[in-house]
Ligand code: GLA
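This document starts with one chain, in the form predicted alone, laid out as structure tokens.
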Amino acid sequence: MERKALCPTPPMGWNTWNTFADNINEELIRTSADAMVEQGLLDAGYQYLVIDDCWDKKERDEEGRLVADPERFPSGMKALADYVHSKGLKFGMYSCCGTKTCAGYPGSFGHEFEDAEQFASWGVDYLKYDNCYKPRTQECALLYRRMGMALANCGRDIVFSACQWGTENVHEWIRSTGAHLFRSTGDIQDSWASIETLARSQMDKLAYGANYCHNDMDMLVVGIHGKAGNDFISAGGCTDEEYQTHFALWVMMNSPLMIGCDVRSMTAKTKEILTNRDLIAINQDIECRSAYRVQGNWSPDTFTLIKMLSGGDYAVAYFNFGDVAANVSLEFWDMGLPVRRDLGLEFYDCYTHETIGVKRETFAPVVPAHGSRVYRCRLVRTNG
């Protein structure tokens, strides 16, 4: 079978874990698939529906195969995949490179090729592959290479999501395993502190993601509002302003966009954030160029991320990690634009969806605490 080139841009979808953890079943998956279509998420680009840990029985069958929990998933995974596909979505599942998954279910260690073939037979399009219970004598890179080889030869095109947590310098070797995305962080929590910590941890790794292999900063917590699948994830929740900043950071840093809230009961603001087509277009820009960071002049908590887009436009995102509103400054010469009276940048506001005019030399909007402002900019010639 000729294998397709998967994930030229960061994958987008929904995953069960952040809101539901181990409380998953067939009805949840079907109604969530329905909601992804009805709420416009599929139209916005979210195509993968991924079942995380706890979907199977605690033991393999007599032939060594994984078995879906018959109480939670009485129709079986093939029928569930068929339903998800009937909605125009793609179907994702979960396993682990160790002897057990993080929740204690059978892992794929020593069963990589059999499991890959089984996932293919069920119609799986995406595999999240975790890093728990890895034998101490085994090199992590070898285990991900092994599953990468198994998936590449299973007879079906399956996205390989390496949930490796950023250990063992994963950014240096993961692309060679065949992975299409790689977790570069620990688990996210539904709190501003967690979002800020994860974002800061990846500022020096911006150059490592690229087409077909994307730096995954973990799933989105936008819209969870403290109602997560367990106390660790819940962590107090965030404001909508903080969720907007979270989404903008993941967009600008080219992270996959995997929704973690209950898509069946999103608030209007949550839906607005997650379906912002101007921001999604930045994340999904075909060239997937890495952003670069410019420090703000007036506060160590302010900075700008700048990303060159295909066609010559730029995404310019202002961030304020501080606890009070602040002007966030950007001098255009830090982007490479010389000080000339006939050159400027036309700013389009990706939150209000309005063009706000041409700026020359500098622009410093007021950004609220824990807030952001994102613009799409076009180089223009002016009359001076």
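A residue's number is simply how far along the shown sequence it sits, counting from 1. Bear in mind that the values here come from a model prediction, so they are computed numbers and not experimental data.
The form predicted in complex with this ligand exists for this protein as well; it is not shown, and the discussion that follows is about that form.
Peer 1: Check each of C97, M219, C261, L305 and return the one that places a heavy atom within 4.5 angstroms of this ligand in the predicted bound form.
Peer 2: Only one option qualifies, and that one is M219.
Peer 1: Which listed residue (D130, D125, D115, D190) meets the criterion of a heavy atom within 4.5 Å of this ligand in the predicted bound form?
Peer 2: Checked against the cut-off, the match is D130.
Peer 1: Using a 4.5 Å heavy atom cut-off, which stretch among 27-35, 52-60, 317-325, 337-345 contacts this ligand in the predicted bound form?
Peer 2: Single hit among the candidates: 52-60.
Peer 1: Are any of the heavy atoms in R183 no more than 4.5 Å from a heavy atom of this ligand in the predicted bound form?
Peer 2: Yes, R183 sits close enough to this ligand in the predicted bound form that at least one of its heavy atoms falls within 4.5 Å.
Peer 1: Is there a non-hydrogen atom of C163 within 4.5 angstroms of a non-hydrogen atom of this ligand in the predicted bound form?
Peer 2: Result yes; C163 sits at the interface with this ligand in the predicted bound form.
Peer 1: I'd like to check something about C102: if you look in the predicted bound form, is any of its heavy atoms closer than or equal to 4.5 Å to a heavy atom of this ligand?
Peer 2: Result yes; C102 sits at the interface with this ligand in the predicted bound form.
Peer 1: May I ask you to check whether W17 falls inside a 4.5 Å heavy atom distance of this ligand in the predicted bound form?
Peer 2: Output for W17 is yes: heavy atoms within 4.5 Å of this ligand.
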